[in-house]
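One chain comes next, on its own, written out as structure tokens in the form predicted alone.
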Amino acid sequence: MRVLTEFNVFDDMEGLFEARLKDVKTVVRSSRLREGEVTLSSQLATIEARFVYKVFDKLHNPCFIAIERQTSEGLTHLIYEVVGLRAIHFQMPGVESSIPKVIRLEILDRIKDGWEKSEETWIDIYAVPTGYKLDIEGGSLVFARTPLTPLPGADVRLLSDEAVRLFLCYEKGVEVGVLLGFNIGLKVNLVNLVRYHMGVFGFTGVGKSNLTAFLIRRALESVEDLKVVVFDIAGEYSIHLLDLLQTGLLYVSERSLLDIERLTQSQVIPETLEDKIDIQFLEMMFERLVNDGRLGFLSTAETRELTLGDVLETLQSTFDMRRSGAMAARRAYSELIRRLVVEKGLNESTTLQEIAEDDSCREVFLDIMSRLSSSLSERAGLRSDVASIIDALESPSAESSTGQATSPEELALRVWSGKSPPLTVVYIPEPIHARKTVSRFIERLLLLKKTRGLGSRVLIVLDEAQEYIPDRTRVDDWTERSNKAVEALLRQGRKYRAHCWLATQRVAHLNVNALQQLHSYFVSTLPRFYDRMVIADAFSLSYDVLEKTTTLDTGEWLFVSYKATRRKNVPVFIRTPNNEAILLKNLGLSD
């Protein structure tokens, strides 16, 4: 650990920052949402600092402060985050509408001339606790969780950039943005960002898909054996990840979209890219996907595939009815149970395609069925059934070439088995079809991981998440089933190396039980008060911090994580890289 002096830990701004704690109070806010009334309480500290323009200007940017706290064991520092400030002049209460205008103007002139010159001016700084304390032990910084509250009158110090870096960043982490107010790149544990699920929340136009695409890039670069599957309703990710799709797969849910011209017209090119990526260029890139066999059709039609259970039922029927070949059928039945169900962990719902995809299972199955076939007379009805079963297993499964249909279950199998490329984008513009596809994909993926082994690490990205996990569900539009599937993924997936990222603008209309499974989240501008209240309630976050998101610019985010940052649940404001710049560079279109 790096040795720091007190001068390195705190920033007194060359002696300009002088501050003391005035008071600490509990702020309570209530709001009535769709599921009932939500009441939030948070601690808010008020710090008085000497008014200096340089200090006042700096405090408009995100800052962390350390409040001295004497304890029975010695001196420690409680870390708070600045959420607001106000310049105060002692004569300000005298400016009331009830006094004559001449006097009011005279008071205002004295106030104007007094800033930084008068001892009767100061800054009220409002800050919320991070839940951490800082101790300096042998020149090293030690951060620890604490329930302590500060005492009025305590000295207050600004944390230096270096102390903030040690507080928040993983030394060997992956940089995902720059901390606003500091000259520091925020390095996070990207494996944990994937492993423990994540959400991206913001109003239309703040750059949710831009950020999500950037993080997908970082995840693919940093997480070994990762398969990313993006379910895209809006038609954005085939553009945001166009360069990566050249080695990936793009599926569409409508056969008409296999036509290059119609596919191109259906995708959304951001306004900021229209001068760089035109329709002709996009058609050329999609044509390349077709030529390389990387554009496929994903069918949502229900299919009835042959399963191991069908085979076992056929054999059991033969020996139960004492037909020709009954003894051979009983022997084959027992051997299938022993070698595939008991030893290999298959079950009756395992499809023949899944067996064909696993070389060892395929070899065992063909060995048993071939010996059964050779032991049967040519007149036995079971012989033709066995021949059909072997033929179904040996028929090559449909690959993802243009025009051939793939089901959600088949896609789940390919992703689980590691036979899909690192990135798969599934464009499903119709919400009901999207819910149906996502439900079936997740259900089959979890079943495979539970019964056949963990397989590849899979990250499922759900854009427009309100379509899949709304707070109010119905059976007929598949919201009930998609809700159950996504919630199962969020609750159980981590144990089976299956993970989920969500992006949405309608936070207040989401299944709160699902939201609470997210361990990391990015929040940008959310104009609706109730959206901010839902996030504050779901993630135990101070509303005063969330209120600051209303001033964020495009590409700026509030980021909070229980697992990916070095300290648990400490809100930070960051500016993330522009995915479009990376895309243009990789496509050779940057200036």
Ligand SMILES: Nc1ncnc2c1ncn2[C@@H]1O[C@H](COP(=O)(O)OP(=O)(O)O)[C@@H](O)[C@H]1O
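In case it trips you up, residue 1 is the first one in the sequence shown, and so on. Computed from a predicted model, the values in this text were never measured in an experiment.
We do not show the form predicted together with the ligand, though everything after this point is about it.
K.L.:
Non-hydrogen atoms within 4.5 angstroms of the ligand in the predicted bound form: do E81, G84 and S542 all have one?
P.N.:
Verified in the predicted bound form; spot residues all out of contact, no.
K.L.:
Please identify, from 42-50, 548-556, 531-539, 58-66, the stretch that has a heavy atom within 4.5 Å of the ligand in the predicted bound form.
P.N.:
Of the options given, it is 548-556.
K.L.:
Just to be sure I understand the contacts: of P270, P429, G94, G181, which is the one whose heavy atoms reach within 4.5 angstroms of the ligand in the predicted bound form?
P.N.:
Of the candidates P270, P429, G94, G181, P270 is the one lying within 4.5 Å of the ligand in the predicted bound form.
K.L.:
Here the chain is shown alone; which of N210, N189, S456, T424 has a heavy atom within 4.5 Å of the ligand in the predicted bound form?
P.N.:
The residue from N210, N189, S456, T424 that makes the contact is N210.
K.L.:
Does at least one non-hydrogen atom of F203 fall within 4.5 angstroms of the ligand in the predicted bound form?
P.N.:
Contact check for F203: yes, within 4.5 Å of the ligand in the predicted bound form.
K.L.:
Should E236 be counted as a contact of the ligand in the predicted bound form, where contact means heavy atoms within 4.5 Å?
P.N.:
So E236 counts as contacting the ligand.
K.L.:
Looking in the predicted bound form, any heavy atom of N578 within 4.5 Å of the ligand?
P.N.:
Taking the distances in the predicted bound form, the answer for N578 is yes, it comes within 4.5 Å of the ligand.
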